[in-house]
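Quick heads-up: the structure tokens below are two forms of one chain, split into structure 1 and structure 2.
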Structure 1
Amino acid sequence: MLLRPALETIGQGEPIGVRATHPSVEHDLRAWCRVMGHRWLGLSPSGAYLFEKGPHAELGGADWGVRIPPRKDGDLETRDWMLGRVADIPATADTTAGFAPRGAVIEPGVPPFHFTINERDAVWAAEVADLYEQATASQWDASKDIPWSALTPLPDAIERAICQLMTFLAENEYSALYVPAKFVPQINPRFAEVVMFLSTQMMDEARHIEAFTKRALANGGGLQYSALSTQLSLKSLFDQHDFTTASFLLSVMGEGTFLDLLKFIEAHAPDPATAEICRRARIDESRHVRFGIAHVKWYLTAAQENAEKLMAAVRQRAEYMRSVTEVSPRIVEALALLAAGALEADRLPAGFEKVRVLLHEMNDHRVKRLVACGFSGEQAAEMSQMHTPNFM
């Protein structure tokens, strides 16, 4: 407190001395000089602690006087913190900022943190703070918020179809959990909103895995079969090493298609628990899809040639999946049986027709999402046709 006004009277590089009797002052003052960017000189012959005034511009002053404008409802949302230094989102993040919050003044000498994703355009989305806010407000409990007590015995064929679909949904959600999880430690904390949103996405997927698995086990059935085609598809997602490519393939292409699948199962669910699980999961997945679209839109706006990079990734994945030409028969049959409502010869054709309509809608909706990202109609149609038959 005494030094601050004294320093204001001298210029950069000029010495200043401090006389003190307490033995802790030397340690404290040396550390303070390091934080403030002054050069420590040591003890003078007269017994004063000396240092030279450093260039304050190296650190700059911390924000002060920042006040988030109040909302009428009294809430304080994440996007509201975009004030002062916090609002400065660097195009390329400093790896020596460590885990300091964006906007904090950082003492020099911080060791480099080996984050590998340091470019804003590689992860950012304009509405990511809003999506995080929605995610935190929409968390639900798979133990208490599903009407488990309303489950009653179903015909074996219908229950088996539900269990097969729950198995399929759960294994795909494992992929949707692990893919963002592998990127979170790579993202520089300067882009904290993205990390925070991905954390909610991981929590969503964990809850979906829980709910789908519980439903398979809760009504006299059990987990059913995992197809080779499904595991091939999911491995092709997990093996992606670029965040944008992984987010595009997972959220825009895959989870977007799952919105239609979940809506279909919800509409034809034979019990309220299955319908409620799919309804709640669909709401969660729609946020993940919105983030994927927003990020890809940002990415394509940053450099239009990036469109060809993502198209190349779709082609490469299609080549990897070339041995798979159709959806697993177990899944198609389970969906058709669910839509038919009974394992009866005269009702099954209508069930299969509804599945055919579903696949057509999935394609149409993929094209619309891709156009929303910034792809041309021709590009969108080409990529949609190449999308894995596994849906995800």
Structure 2
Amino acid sequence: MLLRPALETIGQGEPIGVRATHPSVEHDLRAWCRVMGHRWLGLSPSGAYLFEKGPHAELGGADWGVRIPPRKDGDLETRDWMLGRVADIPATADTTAGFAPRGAVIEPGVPPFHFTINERDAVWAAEVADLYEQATASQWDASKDIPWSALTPLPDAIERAICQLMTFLAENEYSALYVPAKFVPQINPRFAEVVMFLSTQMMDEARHIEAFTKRALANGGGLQYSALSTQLSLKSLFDQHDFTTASFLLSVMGEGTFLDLLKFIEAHAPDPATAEICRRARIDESRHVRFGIAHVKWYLTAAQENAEKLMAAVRQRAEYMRSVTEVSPRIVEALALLAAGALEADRLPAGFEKVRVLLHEMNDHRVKRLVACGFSGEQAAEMSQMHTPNFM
């Protein structure tokens, strides 16, 4: 143990001298050298025992003396750890580094871990450490942070509309939980910040599933109907096997569209609990959207022809979804009813008009997000039109 630090600082074949007072050190050290594969040289004229570091011995080169500079507020943020070897984010990650933290010195002989996502461009986003930081700071508790006690009985039609929307939202959030979950074990741990961010995304989605389901059950209604068109849409998302494509379709296209949807429900919510759930969920979703945009931007910057790959994925999904030409009637009607405020014939047209405006805004915002990713205006417009009527 005492020798280890010295061995770590020298190279293979270099000599090391040991001075010791223990009477049997000559015999013990010699035996240890043989077992460890060092070459025993014996007693030097100066009275030190000498040996030569063997080829399979201690590793060298671990960082030492790294000190993250303190922030004014005393915090230590995740992006601050980009120091020393930790800052080296490889373009292609070593598949034999296993679970060693990025920056650690790894003993040889690690069994292959079969991570399949080993290219930085396939997962990375410039702001990922910041987004992770924001995510951890923004966690909330769906049991305590929602004004559940403010719920009071609502007209059946309105409660039914809310319950239908909550069913729809929860169903979509299952896919938003499962899609990143499917990729996490494939991502090489060298890209830890991405894995950590996706973990917060999964936690967010779990909480949204919790909150939406609770709301459906909290006020005399219950979970309502799951539409075939929703399942088709989510299946086509879950079946994506490329991380960037999945992240693009889920976060940029789907969750991006959900921002407008959640804002709409929040604005027309008949009770404070629904409004608060939608407000909080929207803040979380906006982080996922930002990660999606940042990653796609990185991906498109790496190679401009990547834009065509993503466009092809959008076309392919639209082809799979061709039997579904419009938003599920149950969802449109529930949204229109909320916007109308009551199931009354003279108020409903205004509600439907608001939904029409919402769909128009969704398209406009999708185009803007696609342009922010780095697509041309033309590409953005084409892809936005092809997006699933299911929103997600």
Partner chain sequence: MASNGLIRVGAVAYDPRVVPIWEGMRDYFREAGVPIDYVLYSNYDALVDALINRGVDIGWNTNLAYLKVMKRTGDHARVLAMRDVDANFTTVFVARTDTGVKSLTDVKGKRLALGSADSGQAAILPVHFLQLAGVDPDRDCTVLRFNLDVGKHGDTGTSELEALRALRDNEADVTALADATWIRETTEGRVDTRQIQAFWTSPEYCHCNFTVLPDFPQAKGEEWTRALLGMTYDNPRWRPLMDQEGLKAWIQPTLEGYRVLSEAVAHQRLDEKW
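Just so we're on the same page, rigid core means the largest C-alpha set that superposes within 1.5 Å between forms. It should be emphasised that the depicted structure is a prediction, and the values quoted were computed from it without experimental measurement. Residues are numbered by position in structure 1's sequence, first residue being 1.
> Which of these two chains, shown alone, is the form predicted in complex with its partner chain?
Replying inline: Structure 2, which is the form predicted in complex with its partner chain, differs in this respect from structure 1.
> Any CA movement of 2 Å or more for residue 341 between the two structures, core superposed?
Replying inline: Not so; residue 341 is displaced by less than 2 Å.
>> After a rigid core superposition, would you say the CA of residue 381 moves by 2 angstroms or more between the two structures, or not?
In response: Comparing forms between the two structures, the residue 381 CA shifts below 2 Å.
> With both forms fit on the core, has residue 360 moved 2 Å or more by CA between the two structures?
Replying inline: Not so; residue 360 is displaced by less than 2 Å.
> How much does the C-alpha of residue 13 shift between the two structures, in angstrom, given a rigid core superposition?
Replying inline: For residue 13, the alpha-carbon shift amounts to 3.4 Å.
> With both forms put on the same core, how far apart in Å are the CA positions of residue 39 between the two structures?
Replying inline: Value for residue 39 between the two structures: 7.6 Å of C-alpha shift.
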